[in-house]
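One chain comes next, on its own, written out as structure tokens in the form predicted alone.
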Amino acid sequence: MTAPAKTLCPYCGVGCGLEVLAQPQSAASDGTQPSLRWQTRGDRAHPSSQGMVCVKGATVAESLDCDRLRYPMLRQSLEAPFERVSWELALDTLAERIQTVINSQGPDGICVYGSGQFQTEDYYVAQKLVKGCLGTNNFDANSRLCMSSAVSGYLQSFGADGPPCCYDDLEITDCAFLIGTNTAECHPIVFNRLRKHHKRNPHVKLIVVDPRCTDTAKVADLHLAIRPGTDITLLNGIGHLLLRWGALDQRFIDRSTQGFQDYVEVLRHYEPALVAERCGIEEVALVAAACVWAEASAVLSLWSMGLNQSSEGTAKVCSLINVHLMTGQVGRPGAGPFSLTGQPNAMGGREAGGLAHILPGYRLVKHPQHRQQVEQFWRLPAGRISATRGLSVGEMMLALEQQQVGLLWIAATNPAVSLPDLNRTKAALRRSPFTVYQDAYYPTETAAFAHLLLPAAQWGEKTGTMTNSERTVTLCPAFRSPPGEARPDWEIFAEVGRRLGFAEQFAFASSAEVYQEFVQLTQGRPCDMSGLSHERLAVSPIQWPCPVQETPATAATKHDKRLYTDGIFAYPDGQARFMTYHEKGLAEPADAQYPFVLTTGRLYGHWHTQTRTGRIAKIQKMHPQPFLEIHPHDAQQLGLQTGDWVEVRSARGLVRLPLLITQNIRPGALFVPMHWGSLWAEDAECNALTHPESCPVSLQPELKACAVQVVAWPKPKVQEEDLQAEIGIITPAAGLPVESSRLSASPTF
């Protein structure tokens, strides 16, 4: 057996190191060569995960050959069947269509929607093509649904994106404050490191803020089961008590921040009794949380979608950072506001400019000097990069409705399941005159809306880099060939660029050359990676900043792996900002017609819309069926029992699910997992219920809360023990068999 290939898990933003081993299988009866079976295990040498791996990383190789898209496919209309075509015809068709749209509608008639599943090289070449050569900023990524509020919060508070913390802080802190994150299920290896530290050190306190009593909350010293949407009130209430007690770092405030007096004025409105009533918690619990924060020498906060996916997402993130600033809990070991990214390369996408308002190297499209720097580096005419922010993915759907889009290019994501207000989204997708869908798998729900399918190489089949939540960059080498005619995403983008007349800009012979060009654009920027290369990363993962020429400041940061250790922030004056907000509340609160607030989230085994995990037998056995969680009091009022089927309705759509009655959710709130699209279950798409209202700053939609009603639905009752087995409460072996009839095998074309 050859030495294992070292790579990175392609699921969440923890960025766990994996070793992949190849094991030959026996030769086939027809005499063909034996195929290889791939197995994964944790890489003990990887600094972020230290050899640990969750079920997703442990089984990821099992999906490599399942239902793969192997050849380009083309059809003239959504009603026609796909036909296999050559890459030459597929790329010619795409390039000609792009040129036609530019000539008839201008470059803003083109929209591209990418993914945190991209490697940084994929992201970078796409930005060069779309924002540079084509001249439109209409490139957005599914990080818009994931971490864009964290980006906006860091920008507003610190002057630049980038989490200031590192995973070592998990084992140094004496107060971990987790809000809007079910870390145990969604970022399990981060939670494992934190939980071990928590168990070994009785003085370490774990506070969890979540309307549900998740696996994360069950081991907390204090669980604050707040009403959905009251995060800002809670955080301002904690700040009020810290101010009252004088638990401040006045020296840090004076030296390193601006706007504190405005923040003080806001805090005076958040008396403990008022905060407790609004949040639906006991006042003593609020005081206890503030006491722990006040007494801790190092406070580390962790958050994810529960804060970000909100119409007040940026305000929530800034409100959390405010409490860190007032207590000086940033830039120190064990302390700081730490955003947990949802996807493996959401950080790399931000570095490469992979959202509609940014450019490579943490630059902004609205900044004239930033545009000029990138244009000159890309050897493009002055003014080629548009000064107008591009469309977010939500705005792309509106533009489709208004017939303002001539070509939609989707890659490595599944918006026909993941976007909010799904019925309206699907109707918008049907209006697209020409949709390109670039993915590794077929079928997917989004493929049904495509005219051109392009087969993409996935994890393990292309070489590139990814950056995890703690800013650690890992090289992910190819260890197998792509199936059929699948190609790396960056190669597809580059070939389209060459066919459009930009041969000089896309003369890349390898992904290493792409990366070498990209890191030059980060030189002198907050995310400086100019000292990195594929060659250097082949030795070991490295955290940024890592400039080509070290300074005393960067050397110090590199040594302790944190940002802002000197109390100097990324604003020109070096001072962080207190960004003050009062809570506005949910965009769609419960009312008489829709009396419940529905929240959504992930399960431990599944990933996003099941494009990969749904094809892995072990994970399907863990989570074969969606469900609705409801509190016993609410179920009793409705006359429902566990196993009953219910219809959940919002103003936009409905789902039909079996019921799970549990005290793990507060009264008035419901929970449904977000993984099931139409390929995997009938009438179970949670985003048929959610609304499209979004944060006005980050443009991230409020996927975490919408108003719904629940009524009984006449389907045969599921036995309680079977339902519990299906969602992992008892042994999965007791559950119902997995239904796979909805999925066809890879079609033969």
Ligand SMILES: Nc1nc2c(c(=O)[nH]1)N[C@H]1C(S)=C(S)[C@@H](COP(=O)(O)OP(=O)(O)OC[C@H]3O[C@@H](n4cnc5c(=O)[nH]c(N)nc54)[C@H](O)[C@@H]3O)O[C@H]1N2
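Residue numbers here begin at 1 and follow the sequence given. If you're wondering where the values come from, they're calculated on a predicted model, not measured in any experiment.
The discussion below concerns the form predicted together with the named molecule, not included here.
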query: Are 415, 437 and 600 jointly within 4.5 Å of the named molecule in the predicted complex, each by at least one heavy atom?
result: yes
- request: Would you check, heavy atoms only and a 4.5 Å threshold, whether residue 497 touches the named molecule in the predicted complex?
  value: no
- request: Classify residue 214 as contacting or not contacting the named molecule in the predicted complex by the rule of any non-hydrogen atom within 4.5 angstroms, answering yes or no.
  value: yes
task: Would you check, heavy atoms only and a 4.5 Å threshold, whether residue 263 touches the named molecule in the predicted complex?
output: no
query: Taking 4.5 angstroms as the cut-off for heavy atoms, does residue 309 touch the named molecule in the predicted complex?
result: yes
- request: Choose from 518-526, 439-447, 348-356, 386-394 the stretch whose residues reach within 4.5 Å of the named molecule in the predicted complex, heavy atoms counted.
  value: 439-447
query: If you check 474, 609, 425, 319 against the named molecule in the predicted complex, which one has a heavy atom within 4.5 Å?
result: 609
query: Among 325, 209, 300, 657, which has any heavy atom within 4.5 Å of the named molecule in the predicted complex?
result: 209
- line: When the named molecule is considered in the predicted complex, the residues of 696-715 having a heavy atom within 4.5 Å of it are 703, 704
